[in-house]
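Form predicted alone, single chain, as structure tokens, below.
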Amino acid sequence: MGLTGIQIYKLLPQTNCKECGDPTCLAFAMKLAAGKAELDKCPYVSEESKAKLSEASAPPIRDVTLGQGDAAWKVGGETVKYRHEKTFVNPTAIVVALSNEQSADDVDTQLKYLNEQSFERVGKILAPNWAFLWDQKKDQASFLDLVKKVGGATEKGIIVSSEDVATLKAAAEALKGKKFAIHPVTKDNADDLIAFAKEVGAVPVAQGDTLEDLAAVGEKIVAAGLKEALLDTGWKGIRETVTANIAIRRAALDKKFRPLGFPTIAFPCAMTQDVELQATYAALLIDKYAGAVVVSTLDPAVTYPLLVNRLNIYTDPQRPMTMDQGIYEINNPGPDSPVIVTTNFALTYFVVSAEVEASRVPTWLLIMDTEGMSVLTAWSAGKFVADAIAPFVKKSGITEKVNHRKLIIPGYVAQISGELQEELGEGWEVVIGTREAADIPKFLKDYVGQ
């Protein structure tokens, strides 16, 4: 169990400097004890105290990173059971299963998906993350060929899996210099593989048919001083896996039980051969606490819905999704193109920009920072009003890009048009646009035809 708040407080500098964001060191200590703050927020804690507090201040569910450089992907690090309490922070890894029973062409196809597949949604780039390499044939030579092929082709995270310890050690040698994981670490091979994982810097993936077996392996991982691990609850059905994930989450967060304080990995690919059903199971497991989900294909029809679901689960429900303030060019606008202004609520931007693009009318779109509020909400909060819009427009740089001084505003805030024109000054004309985004294409075509 971790230290109490009072025990942590005694190790802090006790200056009450407030630089951590809390009013007192005691308040900060209580948050550390509850796993709701990070020790690095305190700028004055001593190195000696850091060493003592590192374990106590670590998140109840440790984080795990696989892969190299920009391709590295972190999971875990969670501190709450429900996203409305705070937010989930490190999105579930989407993992493709590759085995030495697959054809070379199939492996090549999945590798191409792993390395090149990406989608853009609400300003975020979505992509799959890791590969799970399975010694399905129980043949070391062909498995090592697969490991070398994948290891040489991607910088993304790799998990190697074989029932033979010697094969796992040979695979680790082939992946030297990479951040990878070895699977399965069971109660039968734990002593050997945990020591080996520590020696080569690999992440152990504990596996147990029961939570008791899994916890026993987890205890050995913690005792060995390893800070990263994954938990595999066994290749069971969806009901059993979800139930196990919930139990592990509660044990880690409610009871601060370190042996189960690691992210889980689940295997929809082993639950069914039906690809659509795999995707359904994977979506449920993303929702119900898997740190990684393994599917048999990264076909876009499978991954895109999973990635969108993951994005929805791992965005902060207390903060709206936003776009950066600035000028956005749509359909290659020029000096005579219309200028539209709206708020930086991401949904507003994507709906408006999609309709402008569909109109095929070259247009400048000004996105104003309204703290992620929609048009009417920002207007009612006093953030999308004349005396705020006018300075933004003047400072945006749009006057250097267009020959005219006409600004189109959303129809829902038509009432600010007179005041806005007055704030903008002589030479400006405020044009009232549509109330509904769906009417934008016709409006723009009629507007440029004037």
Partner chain sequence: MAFEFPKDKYNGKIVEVTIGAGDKARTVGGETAMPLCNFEGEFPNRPLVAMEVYDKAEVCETWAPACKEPFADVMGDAVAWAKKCVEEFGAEAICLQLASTDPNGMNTPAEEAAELAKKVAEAIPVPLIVWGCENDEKDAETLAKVAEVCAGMNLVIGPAKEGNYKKIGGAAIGYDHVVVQQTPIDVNMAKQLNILLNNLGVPMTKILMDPQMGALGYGIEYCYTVMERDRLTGLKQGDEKMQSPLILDVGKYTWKTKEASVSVDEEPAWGEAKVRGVLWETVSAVDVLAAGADILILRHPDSVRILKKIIDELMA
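Bear in mind the structure is a predicted one, so any value in this text is a computation, not a measurement. C-alpha atoms forming the largest set that superposes within 1.5 Å between two forms make up the rigid core. Positions refer to the first chain, counted from 1.
One more form of this protein should be noted, the form predicted in complex with its partner chain, which is absent from this view; the next part is about it.
Only one segment in the set 175-183, 150-158, 376-384, 238-246 has residues whose heavy atoms sit within 4.5 Å of its partner chain in the model of the complex; it is 238-246. Although the partner is absent from this view, Trp134 stays clear of its partner chain in the model of the complex, with no non-hydrogen atom inside 4.5 angstroms. Contact annotation: Asn90 falls outside 4.5 Å of its partner chain in the model of the complex, judged by heavy atom distances. Although the partner is absent here, Glu355 lies within 4.5 Å of its partner chain in the model of the complex, judged by heavy atoms. Mapping the unseen interface onto this chain, Lys112 falls outside it, with no heavy atom inside 4.5 Å of its partner chain in the model of the complex. With the partner removed from view, the residue among Ala224, Val308, Val80, Ala71 that has a non-hydrogen atom within 4.5 Å of its partner chain in the model of the complex turns out to be Val308. For the options Lys198, Lys86, Lys288, Lys169, the one in contact with its partner chain in the model of the complex, meaning a heavy atom within 4.5 Å, is Lys288.
Candidate site formed by Ala34, Tyr44 and Lys124: none of these residues places a non-hydrogen atom within 4.5 angstroms of its partner chain in the model of the complex.
Residues of 257-288 lying near its partner chain in the model of the complex, listed in sequence order, are Phe257, Pro259, Leu260, Asp274, Glu276, Leu277, Ala279, Thr280, Tyr281, Ala283, Leu284, Asp287, Lys288, the criterion being any heavy atom within 4.5 Å.
For Trp134, a C-alpha deviation below 2 angstroms is recorded between this form and the one not shown after rigid-core alignment. After superposition on the rigid core, the Cα atom of Gly201 is displaced by less than 2 Å between this form and the one not shown. Comparing the forms between this form and the one not shown, the C-alpha position of Gly372 differs by 2 angstroms or more, with the core used for superposition. Compared with the form shown, the Phe119-Val351 C-alpha separation increases in the model of the complex, the change being 3 Å or greater. CA of Ala127 to CA of Thr348: farther apart by 3 Å or more in the model of the complex than in the shown form.
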